Structure formats: structure tokens, C-alpha cells
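Before any questions on binding or motion, here is one chain by itself as C-alpha cells, the form predicted on its own.
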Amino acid sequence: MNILITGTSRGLGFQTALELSSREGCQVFALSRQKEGLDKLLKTALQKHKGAKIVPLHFDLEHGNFQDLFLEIKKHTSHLDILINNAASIVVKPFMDLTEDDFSKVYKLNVIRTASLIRLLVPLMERTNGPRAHIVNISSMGGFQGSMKFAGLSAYSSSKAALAGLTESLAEELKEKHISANCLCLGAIQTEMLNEAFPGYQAPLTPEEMALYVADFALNGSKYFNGKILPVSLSTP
């Protein structure tokens, strides 16, 4: 089972990579622009599980050349089974203070470059039979329609809503390629990004706890869901 995860130098991506790399038969391609974070991930994974299989991919998802990334992945495998789009950008500002550059920065990573990565990797994921490949887009309750929104996060929340809409479109367009696409709208997790948005707030879940859910869903969710936007939160919308 070949699994690519973006944004693995810290937080949920780091813990999900740790969890999946410890599972029997799983090889994790861990992508991040932070080389120190990747080094720490590899070291931690091998300390926790001697058989952990992690392929570090030092790559800037926002600015990097996707063809270089594709060639690097092809050195290690001819196919991918799971793609977890976890990397994200956030800007915390009142709506009236936001600029077009702020929106462009958030949408570029959270939507546009994520879509480009998916297009790049579909040829490695498509198949004609057997278990379906699985694209898991990590969104937020801030991007879930009908949930409570928070001041200062209009650029981030709307970009995550766009990612949810993209997921629904992907499910329809990729179903003939035997690829499922689902979107997890996560509630509060005690990560560095949460601290940026809500300093001092204590989340009900740790990255380790949420990583268990994301890992299980990535491995098994395509058996039950396709094109679904699923809230994963202890709070009600």
C-alpha cells in the first residue's frame, strides 16, 4: 500500500504519517517543504517501529516544480493507492483587513496547488479492478456548510469550502478510473495551526488521536464513501 501525505513536518500530517508507516504493508511518501521536520519524522518513525517505511519528499507544494516531484516518486513506485491532502495555509485577519494577496496565498495552496497535485498523481492511482484508490482531502469544520464560522478566518474557511466542492467534482470525474475522493472536515485539534488561529485555546483532541481516525479512514473509507463531505467533530454545527 503506497500512501502519499502532504504537510508532514508537524501536527496532523506528522502523526498520520507515523501511524500509517507503522501499519503492515504500508509505505508512506511524506511530503513537506521543511527538511528538518522530515528528518524528525523519519527518526521518530524508526524509533517507534523498526519496520516503518517512510520515503521523505522534500518539496515546496506552493512553488515547486511538479514534474520534478513526479519523477522522484517514480523512482520508488509505479503506483499510489492513497493520497492525503493535508497541507494547508492560513491567514488570520478580520475580513475588512484582508487583501487580494491574502486570499490568493490561501487559495493557492489549499485549492489550486492541491488540485494540481491530484492531476499529477491520478495516472499513478487509476486502475481497472481491485480495491479503489482513495483521495482524502483534509478540510475543516470552518469549510463545512451550516457549521458555525469564526471571525478572522474568512479566507481560510472559504478555501476549505472550495476544497469540499472540488472533492464532490473529483468523485464524479474519477469514478471510472476506480478512484474514490472524500473530504474530512475536522474539528479542533491541538496543532500549531490551531494555536495560530486561536492562541491559548485547548482543543478536545490531540493530533495523535485524530491521526488514528484519518489513517483508518484513508485505508477503509473508499469501501463505503465516495464524494462525501464528512464532519469529524465533537461539537455540533
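Computed from a predicted structure; not experimentally measured. In this text, residue numbers run from 1 along the sequence as written.
Keep in mind that the form predicted in complex with a small molecule is missing from the display, and what follows is about it.
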Worksheet, complete the sentence: None of Thr206, Gln34, Thr44, Ser169 but one has a heavy atom within 4.5 Å of the small molecule in the predicted bound form; the exception is Gln34
Fill in: Contacting member of Leu117, Ile73, Leu109, Leu80, with respect to the small molecule in the predicted bound form [4.5 Å, heavy atom]
Leu109
Worksheet item: in the predicted bound form, which of the stretches 45 to 53, 65 to 73, 24 to 32, 175 to 183 has residues with heavy atoms within 4.5 Å of the small molecule?
Response: 24 to 32
Discussion item. So in the predicted bound form, is the small molecule close enough to Met193 to count as touching (4.5 Å, heavy atoms)?
Written reply: yes
Practice prompt. Consider Asp39 of the chain shown here, and say whether it contacts the small molecule in the predicted bound form, taking contact as heavy atoms within 4.5 Å.
Written response: no
Discussion item. Contact with the small molecule in the predicted bound form for Gly221, defined as at least one heavy atom pair within 4.5 Å: yes or no?
Written reply: no
Item to complete: May I ask you to state whether His134 is within 4.5 Å of the small molecule in the predicted bound form, using heavy atom distances?
Response: no
